[in-house]
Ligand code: NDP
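Read the single chain below, which is given as structure tokens and is the form predicted alone.
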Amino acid sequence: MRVLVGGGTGFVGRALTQLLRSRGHEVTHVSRQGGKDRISWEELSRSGLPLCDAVVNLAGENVLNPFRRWNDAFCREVVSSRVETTKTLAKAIAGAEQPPRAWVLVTGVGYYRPSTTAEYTEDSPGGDFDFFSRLVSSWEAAALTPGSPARGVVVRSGVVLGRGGGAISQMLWPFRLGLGGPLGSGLQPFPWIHIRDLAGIICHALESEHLQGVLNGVAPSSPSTSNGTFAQELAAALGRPALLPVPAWAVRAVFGAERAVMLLEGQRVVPKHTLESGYHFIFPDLSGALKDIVA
């Protein structure tokens, strides 16, 4: 299978590329600049979709970059890096003489309203209550290709955990020094997934000819994981205490009130359709996932 991956040079993209190539698939990346096994976004817009069997879009500016101030300019960049790249790929797919068989978009569980009690499956409503939910709605709407035979799949990912990137990379040093702890109350749900499972779900979606619609990219034990539980499990995996909670005001001071919601609130998300589709999780439980990452 020839797979075109937008934003494939990032943390998730590297894991997906490694998995796809290990399974005998060819991978070409769409990035800012062309090169070996890659084309630029400008070239894609100008020349259309290269011959491929499947397309994946992972592109998106890091929302939780602590070095970027949360202002109008950064908000526009966050939206554009997701919605415009998706529109570019969808337009290329719709206009292709030989369209791909599969079109997979990775978005986020921010689609669902934060709650400490509600549980959400892929059929649950959402998408219209704050900046991030509306972003996911616009993002997913941009992927629509009416009339195209390409099979569409949306993977709504939780917090991605893995070595060498993702959420863990910013947390390890405080925890290694014994300075880690929950954020805010620690009671907020913490929807998570191991990087190998997120890559696995995307690969599963590409290879399963019957599969379409929304898949929740979270671990089966994710609904029972709180931020406080995550802090305790990470500290235990490192052999350290988790005694120093980060107060909510400090999180808001660093990230801004709107963005801090992503850290101080959360959703209990169930991978119902993902499990029903036949995907078998490599890391269904948090302790096993963290031991693999910090070993």
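What you see is a predicted model; the values in this text were computed from it and never measured. Position 1 is the first residue in the sequence shown; the rest follow in order.
What comes next is about the form predicted in complex with the named molecule, which does not appear here.
(request) Label the site open or blocked after overlaying the named molecule from its pose in the model of the complex onto the shown form by the C-alphas around the site (blocked when 3+ ligand atoms sit within 2.4 Å of backbone or C-beta). (result) This form leaves the site open.
(message) Against the named molecule in the model of the complex, would residue 69 count as a contact residue? Criterion: heavy atoms within 4.5 Å.
(response) Flag for residue 69 set to no.
(message) With a cut-off of 4.5 Å between heavy atoms, is residue 158 one of the residues that contacts the named molecule in the model of the complex?
(response) Result yes; residue 158 sits at the interface with the named molecule in the model of the complex.
(request) Would you check, heavy atoms only and a 4.5 Å threshold, whether residue 37 touches the named molecule in the model of the complex? (result) It does not: once the named molecule is placed as it appears in the model of the complex, residue 37 has no heavy atom within 4.5 Å of it.
(message) Is it the case that residue 20, even though its partner is missing from this view, gets within 4.5 Å of the named molecule in the model of the complex, heavy atoms only?
(response) Residue 20: no contact with the named molecule in the model of the complex.
(request) Among 101 to 109, 218 to 226, 143 to 151, 121 to 129, mark the stretch whose residues have heavy atoms within 4.5 Å of the named molecule in the model of the complex. (result) Of the stretches listed, the one contacting the partner is 101 to 109.
(message) At 4.5 Å by heavy atoms, is each residue in 13, 58 and 62 next to the named molecule in the model of the complex?
(response) Yes, the whole candidate spot contacts the named molecule.
(request) Quick one: from 81, 138, 208, 185, grab the residue that has a heavy atom within 4.5 Å of the named molecule in the model of the complex. (result) If I apply the 4.5 Å criterion carefully, the residue I get is 81.
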